[in-house]
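First, one chain by itself: the form predicted on its own, in structure tokens.
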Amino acid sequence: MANSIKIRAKLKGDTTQVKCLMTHPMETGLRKDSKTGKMIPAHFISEVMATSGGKTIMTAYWSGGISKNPYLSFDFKGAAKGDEVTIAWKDNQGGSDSETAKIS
């Protein structure tokens, strides 16, 4: 899923605030298609990782309980303006994507 992540990272004092929006269907596998009546297969982001300066700063393990097009926001310390933050996700069907932003 190319270009499925929008990310912003802003330094406030000594803390970097990261906000990102991921485009993904996040299907639980428990919902039926209204036209066919067949179950829609599970398709959800299972892992989200954030890295900066060659270090993993955050890892989240998700399941089908997260809403469609999930929004993620977190803060971390130890970065400076101009450093980069990368968000990467993997889903339960083998899909993945990543995006990098400079801290402003």
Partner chain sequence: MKFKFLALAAIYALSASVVMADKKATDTTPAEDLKVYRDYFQKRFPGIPLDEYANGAYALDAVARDNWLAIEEFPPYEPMIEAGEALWNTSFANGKNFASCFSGDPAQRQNFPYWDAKRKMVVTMELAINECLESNGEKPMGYNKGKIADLAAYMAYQSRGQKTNVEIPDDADAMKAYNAGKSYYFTRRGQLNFSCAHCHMESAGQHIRSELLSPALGHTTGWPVYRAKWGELGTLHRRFGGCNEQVRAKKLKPQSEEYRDLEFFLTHMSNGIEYNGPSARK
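Positions refer to the first chain, counted from 1. All figures in this text were calculated on a predicted structure; none of them were measured in a lab.
Another form, the form predicted together with the partner chain, is not on view; read the next lines as being about it.
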| item | value |
| --- | --- |
| 4.5 angstroms heavy atom contact with the partner chain in the model of the complex for residue 38 | no |
| In the model of the complex, residue 11 touching the partner chain (heavy atom, 4.5 Å) | no |
| Partner proximity in the model of the complex: residue 69 to the partner chain, non-hydrogen atom cutoff 4.5 Å | yes |
| Heavy atom within 4.5 Å of the partner chain in the model of the complex - qualifying residues of 21-35 | 21, 23 |
